[in-house]
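Given as C-alpha cells, the chain that follows is alone and in the form predicted alone.
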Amino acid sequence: MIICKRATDLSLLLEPLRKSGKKIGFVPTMGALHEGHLSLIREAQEESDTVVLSIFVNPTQFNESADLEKYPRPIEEDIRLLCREKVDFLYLPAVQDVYQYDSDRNFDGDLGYLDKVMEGAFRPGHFKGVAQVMHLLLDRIRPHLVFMGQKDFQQLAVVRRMMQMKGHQTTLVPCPTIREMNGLAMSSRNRLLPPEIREKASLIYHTLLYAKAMQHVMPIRELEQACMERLNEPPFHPEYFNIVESSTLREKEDWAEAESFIACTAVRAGAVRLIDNMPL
C-alpha cells in the first residue's frame, strides 16, 4: 500500500493508471476503521481495478469542538488493517492539504431541503461541511466510483445532490449497513461506548424493526411518537425519529402518499451520539 499525504502526489500516481484504462474506486472515511468500512473496501475491490481510501477527520462537519477532539484516531491500527486488506493507496492528508485556501472551507451550493431536516436540524452546517469536503476529495482524486455506507442515508442524499450540482462524473455506489451481533449499526463512535451501554444500544435496532412491522398498521405520526417513547429509556435520549419518503426525505401524512419510506433516528447514548435508519 502506498501512503500519500499530499493530493498532488496521489494525483501523479493515479494519472498513469487512469490513462491505461484502470477503473479507480474511492472509499472516503474518517478512520477508526471497522467491519463496515471493510465491507466498502471489498465492494470497491470487486468493482474497481485500483482502490483509494482516505482517512481525514474533517473539522468543518463537527458542530461540537469536544466531539471533534474525542473522535477516535487509531491511525497505526488503521494502517495495519488496510495493509491486510490490500488497499492500493491511502490518502492521509493534513487539514492544510485538503483546505488549501480560505474559500475551500465554504460550500457555495444550495442543498435545498436536504440539509435542514433530521441531522441538518440538529447539526446546522454539518452537511455543508460534508458536501464541501466530498467535493474537494472527488475533484482531486477523480475516481470512477465512490463507495459510501447507507447507515448515513441522509449524507448519501446530500453527496448525491452535491455531485449533480458540481458536475462530478463519479458514480456513487451505496453499500448496505453492517451491524454488530446485537443489531447496533457499526460506527467508529461505538468505540466510545461503555460495554454495558453498547450492548443495550440494540434498543435502536429493535425500535427500527418495530417501525417496519407497524408500517401501514399505525398512522405515520403516531408511529413516530411511539418509537420516540420506546427509545426514551435511560441512558438513551432520542433526538428524533422520522419516517420520510426515501427519495426526497420529505415527511408525508399518509402511507399512500409515497412508494417507499425510510425510518431515520438519532439517539444520545450517554455522551455518544448514534444514528441509524431502516428502509420500510
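Small disclaimer: the values here were computed from a predicted structure and weren't measured. The first residue of the shown sequence is 1; numbering continues from there.
This protein has a second form, the form predicted together with a small molecule, left out of what is shown; the following refers to that one.
- No member of the trio 207, 238 and 269 reaches the small molecule in the predicted bound form with any non-hydrogen atom inside 4.5 Å.
- With a 4.5 Å cutoff on heavy atoms, residue 71 counts as touching the small molecule in the predicted bound form.
- In the predicted bound form, the small molecule sits within 4.5 Å of a heavy atom of residue 30.
- Proximity of residue 152 to the small molecule in the predicted bound form falls within the 4.5 Å heavy atom cutoff.
- Though the partner is left out of this view, residue 40 does reach within 4.5 Å of the small molecule in the predicted bound form, counting heavy atoms only.
- Only one segment in the set 105-113, 83-91, 191-199, 141-149 has residues whose heavy atoms sit within 4.5 Å of the small molecule in the predicted bound form; it is 141-149.
- Of the listed positions (79, 117, 186, 98), a single one reaches within 4.5 angstroms of the small molecule by any non-hydrogen atom in the predicted bound form, namely 186.
- Exactly one listed residue, out of 178, 157, 136, 163, brings a non-hydrogen atom to within 4.5 Å of the small molecule in the predicted bound form: 178.
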